[in-house]
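So this first bit is one chain, no partners, the form predicted alone, shown in structure tokens.
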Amino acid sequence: MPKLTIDGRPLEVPPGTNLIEAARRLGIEIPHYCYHPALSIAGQCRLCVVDIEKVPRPQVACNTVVAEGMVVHTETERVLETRKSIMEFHLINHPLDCPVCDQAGECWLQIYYMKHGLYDPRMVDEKVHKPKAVPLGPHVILDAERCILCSRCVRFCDEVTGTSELGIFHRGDRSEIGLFPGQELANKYSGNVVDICPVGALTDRDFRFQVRVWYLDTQKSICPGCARGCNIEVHVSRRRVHHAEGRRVVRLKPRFNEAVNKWWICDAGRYGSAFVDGDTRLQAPARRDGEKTLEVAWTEMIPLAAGRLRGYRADEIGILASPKLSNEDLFLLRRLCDALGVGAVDYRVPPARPGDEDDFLIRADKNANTRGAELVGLGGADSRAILAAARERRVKCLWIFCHDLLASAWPEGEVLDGLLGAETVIFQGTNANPTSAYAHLVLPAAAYPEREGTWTNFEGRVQRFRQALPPLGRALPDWEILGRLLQEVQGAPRPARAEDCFRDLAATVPAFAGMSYRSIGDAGQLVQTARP
């Protein structure tokens, strides 16, 4: 492998590595706009210039491949002066309206000006004006005046999605990003152009002017939208509750994971968090008394639910678990089923229509933890048979997790007869739905940004999601609800944390043997059965 020196520090990197990536290995940031590691090299912004010994002129680091014996300097007087000049060039026609720009606080034009610009403006002529606030599609809006023509968005649509909606039109200082005639930026990954835009040219229509980014708190998480398990960041607003129409989860951003989703997420996952703060959230335990629904405290609900479960024979209880539950939830549910002797348990409820998928990220299975449910060993029965048994009054207590059975592929009449046939219907989930309306007991669960846990994606990679918010109302994490019920039914001590549940899971289920939250880390860990 080539050996080189950057700013006096020796380094050895694989052949073909460019200087930006080589410097990153040393923790040295070479400023750039047009370069992105997932896209082809454009070399347009010229900001990434460096000095290389024995080379007479500064070279762009993005398009310069390392060579044996190369000596690179990233902070020479000539390099710094060149960067300052290039920053001035980029800002000639750029509107200096940072206070009202939606990108303020995370704009690389703003950041690099403060680090590498700091010149006295010499521009006295009228700036070139271009179209502003132009909708490009359902999720993205363009302010062409703020565009620095880095071409990242164009290359993304050409090279990643292959849809080629965008291009650069006209010439000189009149050049601007735009849509090809008859096109709309509506591919399944369109929101990623907002992420890779280094300035305020492309902004998110859903997030635009909702809350300032410096008021946001960020937490690492996993997208629950399908079995891929894309790594994300959850951005929440807790300090300005009157912003973003009161929403706490205001946006999701992709988080790099080489083995799962790299830099990207699909639009369905990106905009799929509305349920967390939706009007249908279940916020308090409730029981149905005739035609009335009464809110109760957890101290009343847990003994009540446990009493209902203990009041039936094991063969009179049917449980429809969910592959949206975490590994920790499913493990405690399995323990509870063992304590009660219940064998009629399944998690497979067919959706009303097949899920869409592609050959990039999107999976047809829209559940985050189907593989985890398989590995935990929950689901030896047949879910439709459980519903049929409720219809025939053989199952008298039906416990449903998350599912809206009335929106499944099963005939509505079958579902209604099953719900009405059971003496006790328990619903546990985050949001009310037509199925939960038939429940005698409702157990409100915390949504994934409100709790800790792990999911196992379709490849067998166990990944952590972390708590970004307190649960809404009196909702509790599923593992905590199940732990309290297990304590009430069996007298076993309930776990204090999700990590305690996972420790017991790893000690009990062979596929998870040797795992811990520490070993899973930020990148995830393959289960034993999925390891090469």
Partner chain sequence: MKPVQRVYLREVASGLVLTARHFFVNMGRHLAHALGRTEARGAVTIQYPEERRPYAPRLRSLHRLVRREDGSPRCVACMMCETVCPAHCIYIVAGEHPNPDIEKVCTEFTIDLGKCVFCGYCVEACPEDAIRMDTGILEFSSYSRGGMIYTKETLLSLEPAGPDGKPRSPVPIPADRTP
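Numbering follows the first chain given and starts at 1. Quick caveat, the model's predicted, so the values are computed rather than measured.
Missing here is the form predicted together with the partner chain; even so, the following discussion is about that form.
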Interface residue in the predicted complex among K132, R313, R238, R394, criterion: non-hydrogen atom within 4.5 angstroms of the partner chain: K132
statement: The one option of Y438, W264, Y113, Y215 with any heavy atom within 4.5 Å of the partner chain in the predicted complex is Y215
query: So in the predicted complex, are V100, D143 and H242 all sitting within 4.5 Å of the partner chain, heavy atoms only?
result: yes
query: Is F209 close enough to touch the partner chain in the predicted complex, meaning at least one heavy atom pair within 4.5 Å?
result: yes
- line: Only one of 412 to 420, 132 to 140, 113 to 121, 455 to 463 sits within 4.5 Å of the partner chain in the predicted complex by heavy atom distance, namely 132 to 140
query: Though the partner is not shown here, which residues of 300 to 324 have a heavy atom within 4.5 Å of the partner chain in the predicted complex?
result: none
